[in-house]
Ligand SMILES: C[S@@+](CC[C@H](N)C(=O)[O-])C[C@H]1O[C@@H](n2cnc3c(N)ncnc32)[C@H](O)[C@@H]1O
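In structure tokens, the next block holds one chain alone, the form predicted on its own.
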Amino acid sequence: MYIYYALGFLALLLVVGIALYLITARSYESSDTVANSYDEWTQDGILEFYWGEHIHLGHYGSPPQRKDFLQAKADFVHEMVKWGGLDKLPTKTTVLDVGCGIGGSSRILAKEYEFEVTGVAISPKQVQRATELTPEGVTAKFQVDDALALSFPDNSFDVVWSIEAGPHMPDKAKYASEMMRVLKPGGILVVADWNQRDDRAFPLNFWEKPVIYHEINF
């Protein structure tokens, strides 16, 4: 009997611990906190080991099917290309990848579609690692830049591309306006991001509330 109480108590501690971590960990303070976190994760290699070259989720088809996690990420990039109509654009199209991470998407866009890609991230370590992973001759380059104050002139790129960078932006309107500013007239903006469902119809449950709180505050 006592062992069941003990196991129940340990389970409760685990739940409370996870909830507290989600609520308090990685709280947003400034752009520096985001950069520092990604610097640390890039340097220790754990994120790359488990997530590969793409620090974003994957595409599993419709209806969803079982698929290798890393392959799903690459497939997601190709689905984004088709969704945005980029597969109809000529080679040498200029693309800005905002929040490029360690450059997985940028390399696919450069290698498989022959685009001229510039990837930007706020983390110097990510930019360094993206450069290390990019073979010579691949038309993708990387630099440190702030998505809320991009260093490029107006009307610089044919395409602006961004995957799952929005949650890190304290000013979503500025994030959007900066991407539009550097996009050429008639260019294509391709953005994918996390969305919270309408909880008026389907309220968030016990597990989802701390997760959502955590994501919108990092």
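No experiment lies behind these values; they were computed from the predicted model shown. One rule holds for the numbers: they count along the sequence shown, beginning at 1.
As for the form predicted in complex with this ligand, it is not shown, yet the points below apply to it.
Stretch from 132 to 140, 108 to 116, 94 to 102, 81 to 89 whose residues place a heavy atom within 4.5 Å of this ligand in the predicted bound form: It is 94 to 102 that comes within 4.5 Å of the partner.
This ligand contact at Y38 in the predicted bound form, heavy atom, 4.5 Å: Y38 belongs to the contact set for this ligand.
Contact of H59 with this ligand in the predicted bound form (heavy atom, 4.5 Å): No - in the predicted bound form, heavy atoms of H59 and this ligand never come within 4.5 Å of each other.
Contact label in the predicted bound form: V159 to this ligand, heavy atom within 4.5 Å: Flag for V159 set to no.
Non-hydrogen atom contact E48 with this ligand in the predicted bound form at 4.5 angstroms: No, E48 sits far enough from this ligand in the predicted bound form that none of its heavy atoms falls within 4.5 Å.
Partner contacts for 142 to 171, taking this ligand in the predicted bound form and a 4.5 Å heavy atom cut-off: Residues within 4.5 Å: D145, D146, A147, I163, E164, A165, H168, M169.
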